[in-house]
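One chain comes next, on its own, written out as structure tokens in the form predicted alone.
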């Protein structure tokens, strides 16, 4: 298995009554709530935590793109990735992803990803994401019905820019370029490993299966609520003869590790509830838009709604407390032994080879996140690395695989 460190770069200085006064932490959250000096401290703190995760041995550092939100202050994840490419040496740099339908022209993504791959020594994971309605339609004004077509065209251009000798002409519907000849080119050939996050769209399932990409279910909803979507994905892959390798599935899980189960509650309860109640809160008016989801995907989502139950909606609206979040699997918390056992259940039942461990959440302090990261790396990860060891992993970048081989050789020599 592979283990990746991830956190939404949340703004922790919201007023105590934020959830009561404001309907959403996305799109129209008042700018007056943001203090730039404090924001700078927060963003530097996240870079510190990513660097520490690399030091203690996590396989990858995952950053993402969102816009106009107190929940994820990363409008350009490539900026975060560029800093980490210079200050870390072994971990994969996973950009999950660039919202390629929003770039004009999208050749910029091919150029910047190639730059990151060169600077990092071939450690880039290139993420292509359709994006949330909050980001794509409400913040950036792209008509919802255009997003899939724009995404498909941008993907075609980026792949050709990496694999086809330039200069060549590109005449798409949305982008027309007389000269496509990007410098630099990525180290990894024919292209860096590609991950595509998704929330349960059938079109995304088809896209990742046809291209043999890694599918990332970034749900924040745990085993029980995510199972209908993940099971549906694997059933689809099997039905079309796709690659069933578990390393093609990435999954996010909020994890809180301490010395005991009771101590985990004392140390993380406030941060978990802050995350779901405040910075993860999006108005239902922003979470979908007419034309954003196809009829086929809407029908399928309606079919599984009963299987998912009401827990997910309640959780995402911040209507639960610590005990429910833990008991219902949205959060895995406790001693290292408790966390290991529950994670093993999640990754084996969902067929997950790439675990995206969310070890910071909400308004958790940097010091507590470092403790969480250390305990996870030293006392949880070693007991899970054997899972899926008989499957090849082609979705981890070349530079990380080479670093892991060196680490294994050093460890073997020490014994």
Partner chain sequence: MTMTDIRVFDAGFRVQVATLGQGRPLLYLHGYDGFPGEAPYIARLAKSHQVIVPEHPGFGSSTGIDHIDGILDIALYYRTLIEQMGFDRVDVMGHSLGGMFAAELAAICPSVVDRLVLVAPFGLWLDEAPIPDLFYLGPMQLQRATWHNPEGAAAQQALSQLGGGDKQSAGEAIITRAGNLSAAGKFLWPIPDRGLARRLPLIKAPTLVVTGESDRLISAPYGEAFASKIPGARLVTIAEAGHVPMAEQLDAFFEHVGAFLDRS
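Numbering follows the first chain given and starts at 1. Everything quoted here is computed from the prediction, not taken from an experiment.
One more form of this protein should be noted, the form predicted in complex with the partner chain, which is absent from this view; the next part is about it.
Contact annotation: residue 180 falls outside 4.5 Å of the partner chain in the predicted bound form, judged by heavy atom distances.
The partner chain in the predicted bound form comes within 4.5 Å of a heavy atom belonging to residue 144.
Though the partner is left out of this view, residue 283 does reach within 4.5 Å of the partner chain in the predicted bound form, counting heavy atoms only. The partner chain is not shown here, and in the predicted bound form it never comes within 4.5 Å of any heavy atom of residue 176. Only one segment in the set 284 to 292, 76 to 84, 196 to 204, 315 to 323 has residues whose heavy atoms sit within 4.5 Å of the partner chain in the predicted bound form; it is 284 to 292.
The candidate spot formed by 23, 138 and 302 lies fully in contact with the partner chain in the predicted bound form, as each residue has a heavy atom within 4.5 Å of it. Just one of 218, 187, 119, 298 comes within 4.5 Å of the partner chain in the predicted bound form, counting any heavy atom, and that one is 298. Taking a 4.5 Å heavy atom cutoff to the partner chain in the predicted bound form, none of the residues in 245 to 274 make contact.
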